[in-house]
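Have a look below at one chain only, the form predicted on its own, in C-alpha cells format.
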Amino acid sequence: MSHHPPGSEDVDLAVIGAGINGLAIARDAAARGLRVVVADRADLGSGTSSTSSRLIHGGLKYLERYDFRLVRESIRERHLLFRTAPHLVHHYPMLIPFYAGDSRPGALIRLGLAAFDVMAAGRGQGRSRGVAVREVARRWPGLSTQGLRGAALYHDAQVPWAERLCVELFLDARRLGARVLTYTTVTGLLLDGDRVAGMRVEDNRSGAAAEIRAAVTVNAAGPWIDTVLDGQVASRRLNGGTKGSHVVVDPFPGAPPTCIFFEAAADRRPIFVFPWEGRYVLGSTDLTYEGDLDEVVASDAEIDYLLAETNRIFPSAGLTPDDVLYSVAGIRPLPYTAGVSDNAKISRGHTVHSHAPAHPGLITVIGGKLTTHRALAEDVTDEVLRTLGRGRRRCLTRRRAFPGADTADWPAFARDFVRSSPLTPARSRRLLDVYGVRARRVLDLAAEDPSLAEVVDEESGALAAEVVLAVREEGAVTLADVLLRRMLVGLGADMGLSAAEACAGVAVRHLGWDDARARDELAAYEAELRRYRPRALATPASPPSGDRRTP
C-alpha cells in the first residue's frame, strides 16, 4: 500500500524511481510549475541512495581523469548544500597520507590539491595544506609511519544521514504539489505508437492498477534503468554500474580522529576509513557486477579486503570479520562502458538521454551521484521543458532551503532549540541532526501526548513521537521505512533490533496497526536486514556473488 494510492490521471511529468535523483527531479519540476507524479516499487531512497559513502565530494578525485566539468559542478553543488541543508551536510576534513610505493606520489597529490583549491576558491571550507610526518605521528598516532613520506589535509563534506536528504526532497516536492507513490510498481510504459505517453502502475499491497498519462516520462531508476526499458522500447544497454561495499565497525585501537583517504595496496584504488556517528566506515570496493540487482550483498572477499587494508595502515587495529557490525552494498548507476579495464575510469557524471525521435516522450537518466543530485534534476527539468515546448523557466532549487533548514538563521535556531528543549543536550542535538527545524514537530507531538515522549531506543534516545511523525508526515509505510530511513535507529550497532518491538508497539497504539500487522512487520524487518549481514543476526557467509574484478 502506498501512502498515496495510485489513480488514473494526466500529468506533465511521470518519474520512475524515488531515489535521490527521481525525488530531486520531482522537486525541481514541481517548483517550475509542472504537474508531477513519481512511482517507486519500494520506499524513498531505499536502493542505491541508501548505500553511498555518505560523503559530499567536492570532486578532488575527478581531477585525476581531467574531468574539470564534473569537478566544477561538484564544488558548486557542495557549496549550495552547505547553505541549503546545513543540518544534514557538514564540513569534513580528510587526511591523505603519502607512502613509498604509492602509484600517486605526494608531489602529484599536492599539485592536484593546489589546482582544486584554485577551482574551489570562495566555495570551500579552507585551503588544503601539507602535513609533515612528525605532525602525522602526533595527531594521528595510530596511522602507520612505515614508508610514510608526508600527508595533506583536505577539506570536504559529509552527509551522515543521506537517507534524510531523500526524505526532505520528498517533503519539499510534495509541498510544491508533486505526488509520490511508494510501494507502487511500474508494470509498463504507456505507448501511443512509438511515443511514450506515461506509465502503468500497480499498488504492491492492494493490487490496484492504474494508468498515469504524462506528456513526458523520465526513467530515473538508477541501476534498474535497463530493466524499465527491457521489452518496452528498443534501446542499447545504458547502465554499467559497479558494486561498492562498505563495512561498519566500532572504534578500534589507533582509530583516526578524521577521515583517512588512502591508496589500497591490493588494487591501487583510493579508499576511506572515516568516523561516522560514533563508529567507523571502511570502504569502498569498486567491482564490475553482473548479478541480480535485487540481491546485492557484500561478499566475504570484499569484507576481507577492506579489513586487510585498514589493518595495514593502522597496525594496532587488529580488525577481524567478527568486528564487523554490518556491511552495506549497492550498485553505482554508471554508464555502460564496453571493454573497460579500470572501473575508476568510468565517468561519474550524468547524462540526460532523450529517446527521441525513435521514442518521443521518454527520457532516461544515466549516472548521477549524491553530491550532484540537484544539478542533475535541473538538467532533466530543462530537457523536459524543451520537450514540452514551454520555454525556459528559472530554476528555484539553487537557493531553496531544504524543509529542515527553513529558517533565517540555522545556527541561532539550533542554539535556541538545545537551550529550550526538555531533552538532554545530546538527545536534542540528535533531533537537530536528523530533522533540522522539524525537530520542533517531534517535541510538539510528544507534548500533545506524553506517551509519545517515551524513549524507544536507548542507544540514540529516539522518541516514540518519531514513529508517528515518520508514518503520518514523512511517507513511511513499513517498520523498515521507519527504522532505516526516517528515525535511522536501524543504522545503530544492532541495526535497531532492540528498538524494533517498541516501535511496532507505538504503531499499534497510535497508527492503527493490529498485533498481526506488528508481527508481520517485525518479521519483514529482520528479513530486510539480512542483506546487511548484521552481526546481531549472526548472518552466515555470503552466497556466491556476481562480482567480477577488472584486470
Ligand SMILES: Cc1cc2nc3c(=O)[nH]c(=O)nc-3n(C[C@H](O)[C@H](O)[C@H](O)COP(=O)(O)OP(=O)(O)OC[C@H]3O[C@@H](n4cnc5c(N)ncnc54)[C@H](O)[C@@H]3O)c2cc1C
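If you're wondering where the values come from, they're calculated on a predicted model, not measured in any experiment. Throughout, we count residues from 1 along the sequence that is shown.
In what follows, reference is made to the form predicted together with the ligand, a form of this protein that is not presented.
Note on the partner interface in the predicted complex: the residue among 143, 319, 414, 228 having a heavy atom within 4.5 angstroms of the ligand is 228. In terms of contact with the ligand in the predicted complex, the residue from 176, 375, 136, 331 that brings a heavy atom within 4.5 Å is 331. Each of 184, 222 and 370 comes within 4.5 Å of the ligand in the predicted complex, counting any heavy atom. Proximity to the ligand in the predicted complex, taken as heavy atoms within 4.5 Å, picks out 331-339 from the listed stretches 406-414, 331-339, 475-483, 461-469. Taking non-hydrogen atoms only, residue 20 approaches the ligand to within 4.5 angstroms in the predicted complex.
By the criterion of a heavy atom within 4.5 Å, residue 57 is counted among the residues contacting the ligand in the predicted complex. Not displayed here, the ligand is approached by residue 41 to within 4.5 Å at the level of heavy atoms in the predicted complex. Looking at residue 246, you'd find a heavy atom of it within 4.5 angstroms of the ligand in the predicted complex. With contact defined as any non-hydrogen atom lying within 4.5 angstroms of the ligand in the predicted complex, the stretch 489-518 contains no contacting residue.
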